[in-house]
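Here's a solo chain for you in structure tokens, the form predicted on its own.
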């Protein structure tokens, strides 16, 4: 006669446990974002050669080559340095970024034609980076504190199951009201990001492809393809000769080195 009571009590316990551990969409989104960060730690530094192809709305293209150095910074965002090698009118142009978690990112652009270094103000970071479909703010590292998060749904891309998470920028002067990111459920790296402009209309889509594994734990894409839905323009970025943990020094990421960066 006591079995129904025992079963009822067990059901109540299970139901209470489910309520206790139930997550809101915001909590689940934040949890996914935190796992992204954890999975992408420990690479120390990175160097790579980049090929950037800019397509106009008619499909005509212009090619650029540059190189990049990035370095992890403990308890802060990454530092990165991009240097252009071609075409001739951009040769020697260098972009230095200090990403931060809480305070605004710092960015400097060296223009060899003017022989001067220009600091990029916070109000200009939503603008296009040297005519590409990447904005200046896209060049900074992904930091948890920069966004609020919301889990939306699950959806597959090219056969890879993904979490779809909404990122809402918390920093002022962002060119985006929100981003929708498709995050690989197994490996926790992004496969696609949709960017919405200040009118909350779809602006562009960034897709990541050709992921390769380094140091037995770090994944990096070999292509990043940005399509602007409003202008019809596109930028394809191809990563070559990727090397991690190469021994870069903090002194290599200084404004003083921009004029001589190679």
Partner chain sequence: MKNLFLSAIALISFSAAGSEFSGSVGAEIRSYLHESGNPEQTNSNASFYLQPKWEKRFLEDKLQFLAEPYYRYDENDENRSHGDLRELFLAYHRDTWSVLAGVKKIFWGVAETVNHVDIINTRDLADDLNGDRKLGQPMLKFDLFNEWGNFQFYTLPYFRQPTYPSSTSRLGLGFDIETAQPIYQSTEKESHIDYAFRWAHSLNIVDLGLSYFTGTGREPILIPDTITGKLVPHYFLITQYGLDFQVTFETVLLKLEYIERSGLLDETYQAYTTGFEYSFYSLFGTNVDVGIVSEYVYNGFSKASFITPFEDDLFLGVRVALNDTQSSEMLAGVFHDLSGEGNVFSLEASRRISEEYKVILKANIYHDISKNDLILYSIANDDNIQGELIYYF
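Positions refer to the first chain, counted from 1. Note that the structure is a prediction, hence the values are computed from the model and not measured. Only the largest set of C-alpha atoms that superpose within 1.5 Å between the two forms is called the rigid core.
Omitted here: the form predicted in complex with its partner chain. The next part is about that form.
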So, in the predicted bound form, is residue 115 in contact with its partner chain at a 4.5 angstroms heavy atom limit?
-> yes
According to a 4.5 angstroms non-hydrogen atom cut-off, is residue 106 in contact with its partner chain in the predicted bound form?
-> yes
Find out whether any non-hydrogen atom of residue 249 is located within 4.5 angstroms of its partner chain in the predicted bound form, and reply yes or no.
-> yes
Exercise: residue 89 in contact with its partner chain in the predicted bound form, heavy atom 4.5 Å | yes
So which stretch, 54-62, 34-42, 205-213, 218-226, is the one near its partner chain in the predicted bound form (non-hydrogen atoms, 4.5 Å)?
-> 54-62
Does every residue of 124, 173 and 261 put a non-hydrogen atom within 4.5 angstroms of its partner chain in the predicted bound form?
-> yes
Core-superposed comparison between this form and the one not shown, residue 153 Cα displacement 2 Å or beyond = no
Did residue 120 shift 2 Å or more between this form and the one not shown, C-alpha, core superposed = yes
Checking the C-alpha spacing of residue 123 and residue 74, a student should find that in the predicted bound form it changes by 3 angstroms or more, with the atoms closer
Please say whether the CA atoms of residue 120 and residue 199 come closer or move farther apart in the predicted bound form, knowing the change relative to this form is 3 Å or more.
-> farther
